[in-house]
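What follows is a single chain, given as structure tokens, in the form predicted alone.
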């Protein structure tokens, strides 16, 4: 069995690859490799307490407009997530939503999400689109609502407190897997050309940039071209949505983190015929939903990731 097979892992492999709710996974650069450490309850907080540290929150897959049995109140769930962010003991530098803001990419749904994100108490809010945000127009309505400052089909980069962030779009021109395209790859090439190799890099996308489960389209066909451009950096972290569950994988200098959702769970890879919404027994839904806190202490080259459920 391969160590990267998401099915049938040994206990050691499961602890190495998977970050469960309530645990804190600290990324440490050692000898050019990013190593994951799972913190158990009672351990030191994952997000640095230093007010000068970088601290941001990732939310994903709110699916505003979804009305299925798996969650008949997605707006309330997303509101709960926002209230949880606003109740943090610190003000995040920013909040990133990693796609599927809406379920059917209607103008009304985009407006609703925009108004809801406007209530977030953070330095700024950012987004990347999911495939549900471009179901009928190649992402045009998404870009009208959230594309200010982006280029191409909605990609962009920014810097905060010594960390370089790249926001990618891999949900357009889909056949089965996610796809970036030559224009976006060239954007990344030029974007990172002037950065020093010790700059921590964080990449946001909706669909994973690693082959999590290609049979369900959980991967990006040309991601290797972007990852090759990031090989020279000591610390690279890729944060994605789409799969509605937590999963962690390390390859060389890159650590990949799939996020959970604020809407509804999806089955674990290979446990169902298709990645359809899962309806949980009464009272269990909140345990499958959550937000992610991320912190970075400038000069330490350590990133900290803490996944917190909405319950």
Partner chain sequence: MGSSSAPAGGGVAVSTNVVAVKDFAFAPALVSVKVGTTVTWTNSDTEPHTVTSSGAGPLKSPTMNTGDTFRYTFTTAGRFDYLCTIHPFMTATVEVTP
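Keep in mind that what you see is a predicted model, and the values were worked out from it rather than measured. Residue numbers count along the first chain shown, from 1.
A second form of this protein, the form predicted together with the partner chain, is not displayed here; the remarks below concern that form.
Colleague: Quick one: of 216, 156, 94, 110, which gets a non-hydrogen atom within 4.5 angstroms of the partner chain in the model of the complex?
Modeller: Partner contact (heavy atom, 4.5 Å) among the options: 216.
Colleague: Pick from 230, 188, 122, 177: which residue has any heavy atom within 4.5 angstroms of the partner chain in the model of the complex?
Modeller: Selected option: 177.
Colleague: Given that the partner is absent here, state which listed stretch (191 to 199, 83 to 91, 110 to 118, 135 to 143) has heavy atoms within 4.5 Å of the partner chain in the model of the complex.
Modeller: Result for this chain: 135 to 143.
Colleague: Let me test this: is every residue among 78, 265 and 287 within 4.5 Å of the partner chain in the model of the complex, going by heavy atom positions?
Modeller: Not a single residue of the candidate spot has a heavy atom within 4.5 Å of the partner chain in the model of the complex.
Colleague: Even though the partner isn't displayed, in the model of the complex is residue 269 close enough to the partner chain, meaning a heavy atom within 4.5 Å?
Modeller: Answer no; every heavy atom of residue 269 is more than 4.5 Å from the partner chain in the model of the complex.
Colleague: Please tell me whether any heavy atom belonging to residue 282 falls inside 4.5 Å of a heavy atom of the partner chain, as the geometry stands in the model of the complex.
Modeller: Because no heavy atom of residue 282 falls inside 4.5 Å of the partner chain in the model of the complex, the answer is no.
Colleague: Residue 66: heavy atom within 4.5 Å of the partner chain in the model of the complex?
Modeller: Judged by the heavy-atom cut-off of 4.5 Å, residue 66 is in contact with the partner chain in the model of the complex.
Colleague: Examine residue 160 and determine whether its closest non-hydrogen atom to the partner chain in the model of the complex is within 4.5 angstroms.
Modeller: No, no contact at 4.5 Å.
Colleague: Go through 259 to 283 residue by residue and record those having a heavy atom within 4.5 Å of the partner chain in the model of the complex; state none if no residue qualifies.
Modeller: Stretch hits, in order: 264, 273, 274, 275, 276, 277.
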